[in-house]
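The chain below stands alone and is given in structure tokens; this is the form predicted alone.
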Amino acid sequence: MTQDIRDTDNFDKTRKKINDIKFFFGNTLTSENKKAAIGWFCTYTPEELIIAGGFVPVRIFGRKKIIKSESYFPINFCPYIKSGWESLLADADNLKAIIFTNSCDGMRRFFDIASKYLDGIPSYLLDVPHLKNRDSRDFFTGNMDDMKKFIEKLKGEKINEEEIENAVKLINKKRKLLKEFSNIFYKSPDLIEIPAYYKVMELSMISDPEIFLDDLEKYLGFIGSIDKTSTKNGISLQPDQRNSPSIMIIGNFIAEDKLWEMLSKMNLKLASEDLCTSNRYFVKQVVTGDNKDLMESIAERYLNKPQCMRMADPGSKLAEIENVIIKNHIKGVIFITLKFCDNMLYSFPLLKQRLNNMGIPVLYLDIEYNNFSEGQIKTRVQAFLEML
């Protein structure tokens, strides 16, 4: 009979070590970027072009405390954008440039503010089409070519085909390993804790990819050795969680350490998620070969990756979520949105109606970025889980 790993004396030690991100990702956390960095905000930003230009792509996660940015934006404005602007006001000198996308009207206004008030830091707005047909791909390819010229200006020389190919291989490898890590997380929810999972995802977006990949490979190698040893000794890394409801999280830019810590202490199994801080970032590779144009291949990948609410056709997005719910035996959905996000607000009623037809309960959480009432949210989530 296979033994539950939670019944072994070494489980707590093993889990504690696996969740020690500072230990496994020490090089990533302590290394100073030798290359200049370019900041970005949206998962529709083609990192490959930034890397091909010799720069490090760094996602702007924003500052936790907002002071100066309140005077630049209305009070009912996206809290992530305010947090990002606070970060740029403090750290813009560390960036060679900033790449924006037209992911929403707020982000377009953010680009206007940065262009006006950040002297000496070039900004570029990448226009991403809503549709996903051939004309859209050609349009986006042309826009990416303009972005490449913007980066070439910063670099001081042309970006050649080989540099783009090498960048594609590097980012494809990162996506592959992140997907492998994600699969392990869902397979062994008692082993990798929720905060550790999202911390690795954050590091993947803000770090030099070569250094991060080196640490991630070692980390996955360690987890793999634990898995082999446990299997050999008749111990399962897939503990019985029949009493823990399988939950799916749907949201936008959710990077809340307090929230992940809170959920990790609750009786739930995070079985799937749809966030731009995780699966929307790494799912789907750039497919090359067969005499395909490299820039077109990159454009196809970004237009056909998991869609955010702004980009997706509502019908296809709802069908995608329904398939995930059925496949992963989801018992409840937690829908989390940052305050004042119109794209999420108009999507929720359609999603709720579809979930009601499926008999799947849904909890709606509307939160500030890095500033929410932990006790209130905890009470609501606990009540939701008890209902399940």
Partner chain sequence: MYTCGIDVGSVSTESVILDNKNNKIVSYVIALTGSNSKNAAEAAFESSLKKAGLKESEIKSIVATGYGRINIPFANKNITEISCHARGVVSSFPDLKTVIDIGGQDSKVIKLEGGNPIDFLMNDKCAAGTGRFLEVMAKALEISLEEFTPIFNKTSDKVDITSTCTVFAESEIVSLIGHGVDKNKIIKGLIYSIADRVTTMVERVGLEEPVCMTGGVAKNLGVVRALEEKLGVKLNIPDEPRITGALGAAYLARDLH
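What you are looking at is a predicted structure, and each value in this text was computed from that prediction instead of being measured. Positions refer to the first chain, counted from 1.
Not on display, but discussed next: the form predicted in complex with the partner chain.
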Only one of Lys35, His329, Lys68, Lys64 comes within 4.5 Å of the partner chain in the predicted bound form by heavy atoms, so just point that one out. Lys68
Does the 4.5 Å heavy atom contact test between Gly224 and the partner chain in the predicted bound form come out positive? no
In the predicted bound form, Pro74 touching the partner chain (heavy atom, 4.5 Å): yes
Residue contact check: Ser373 to the partner chain in the predicted bound form, 4.5 Å heavy atom: yes
Per contact check vs the partner chain in the predicted bound form (non-hydrogen atom within 4.5 angstroms), the hit among 287-295, 74-82, 190-198, 246-254 is 74-82
